[in-house]
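Next up: a single chain in structure tokens, the form predicted on its own.
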Amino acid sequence: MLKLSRNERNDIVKRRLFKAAADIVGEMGYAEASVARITARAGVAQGTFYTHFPNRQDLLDRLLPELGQDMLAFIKARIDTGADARAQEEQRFRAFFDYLAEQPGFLRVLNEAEIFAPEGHRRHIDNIARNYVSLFRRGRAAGEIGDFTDAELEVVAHIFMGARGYLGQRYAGGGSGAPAHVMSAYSKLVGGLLFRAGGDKRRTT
């Protein structure tokens, strides 16, 4: 076996602490995510916690943005880069439900963060919105998205994010992905509002 460097060992421990915190918050909420519980779940000493985080709140503020990056990577890996913008958005939506099936505690981490970890909540929302706007700009440049300004695309990003969150709360669960009727309704809605129909891909500036 290869000997790990100190930085690699530290990264592993930090990931274990994040994973433990995410599991506890997802199961019991932020209020129950004490340092003692987190370190016990991660299998590390309490003193080790403070070599990675100055305090409990620092970990909680970093938790949601960390999970958000994991979620984006999960979704990106399931996108057909050769598909058009509308098809890719449908794939992102389906992949979001697949992520919730694998990480059922994510929505609790997200929803309680606004109260218990507001700094982390703000960073997460900003990260996801920026990612969405970047994708929409590419679709617009390819003529697959209508004449929306950058400011309007930011609004659309937050609309889509809100839809994901509320639909996830309502329809995710049971270890399965998005129900067929949720997918069809979402596809019809976003297809009529944002994306150009096939054959109408006029390039915009």
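Bear in mind that the values here come from a model prediction, so they are computed numbers and not experimental data. Numbers for residues come from their place in the sequence shown, where the first is 1.
FYI, the form predicted in complex with the DNA isn't displayed, but the following is about it.
In the predicted complex, which of the stretches 145-153, 66-74, 33-41, 159-167 has residues with heavy atoms within 4.5 Å of the DNA? That would be 33-41.
Does each of 92, 100 and 176 have at least one heavy atom within 4.5 Å of the DNA in the predicted complex? No: no residue has a heavy atom within 4.5 Å of the partner.
Under a 4.5 Å heavy atom criterion, is residue 138 part of the interface with the DNA in the predicted complex? The answer is no: residue 138 has no heavy atom within 4.5 Å of the DNA.
If you check in the predicted complex, is residue 185 within 4.5 Å of the DNA, heavy atoms only? Although the DNA is absent here, residue 185 would stay clear of it in the predicted complex, with no heavy atoms inside 4.5 Å.
Contact flag, residue 50 vs the DNA in the predicted complex, heavy atom cut 4.5 Å: Yes - in the predicted complex, heavy atoms of residue 50 and the DNA come within 4.5 Å of each other.
Going by a heavy atom distance of 4.5 Å, is residue 45 a contact of the DNA in the predicted complex? Taking the distances in the predicted complex, the answer for residue 45 is yes, it comes within 4.5 Å of the DNA.
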